[in-house]
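Following this are structure 1 and structure 2, which are two forms of one protein chain, each written alone as structure tokens.
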Structure 1
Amino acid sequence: MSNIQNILRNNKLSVTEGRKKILQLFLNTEGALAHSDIEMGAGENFDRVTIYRTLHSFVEKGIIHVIPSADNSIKYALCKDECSEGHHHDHHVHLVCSVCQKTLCLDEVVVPVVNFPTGYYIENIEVVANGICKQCNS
């Protein structure tokens, strides 16, 4: 059984051609993907709604996580093994490269603990840095 089928079955998702194709795109890509990247990579057999529903399922199951951008668009990246259904553990910094435009997860850079005033319940903290990735900087 392939790694893709294992990921889908372990997350109690049916193994469909669409899910396999979209998950393969994430496994083959360094960095994050926008909805339009997935549309182009998946081919004309997939409509926007199917892609959206697949991405939503993958986020809910902890397979991918959402990365917001400055222009209010969203990108998606693979989660690490610590994520599970309803529990994302993506406390790392994301870098948007100003040269190649890739959005990368910097897993080795942990978001610092931020203490909020009493009465606030914070569900998620996201840190997006803008700069130059190591490939473009060499």
Structure 2
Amino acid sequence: MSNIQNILRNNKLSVTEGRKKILQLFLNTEGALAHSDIEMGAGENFDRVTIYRTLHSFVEKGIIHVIPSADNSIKYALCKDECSEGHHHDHHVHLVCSVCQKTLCLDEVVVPVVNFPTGYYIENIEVVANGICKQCNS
């Protein structure tokens, strides 16, 4: 039950109310969360600054990862256990559903190999698909 505490402890983060609530929210949520979702959904009223800082340290520690967006609405989602401090390995595809507006991590869909011309060095690749998710497409 104190899974949450463990996650924080394992990542060398002090266990505070704010971090517990925000991590809780991620664990309870299917799909990604934007800063504003957290501001509204985290139960109590945390200062916006606290949320920014919490999200930053979660990303740094590899607890969550950032999902890029084309409309200034960056989202965050839980990392699977392959992620560790400073090294994100979430090589899955993201889907933004145009019906329910949720952003989902399609863990089973792996980012394909892309062939770049010689001369480039590629560190990582982000894939974001726009479409309709399983639930909404039925």
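Just so it is clear, the model here is predicted, and its values are computed rather than measured. Residues are numbered by position in structure 1's sequence, first residue being 1. Definition used throughout: the rigid core is the maximal C-alpha set that superposes within 1.5 Å between two forms.
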item: Selected structure - criterion: the form predicted alone; value: 1
item: Angstrom displacement of the CA atom of N115 between the two structures, core fixed; value: 3.6
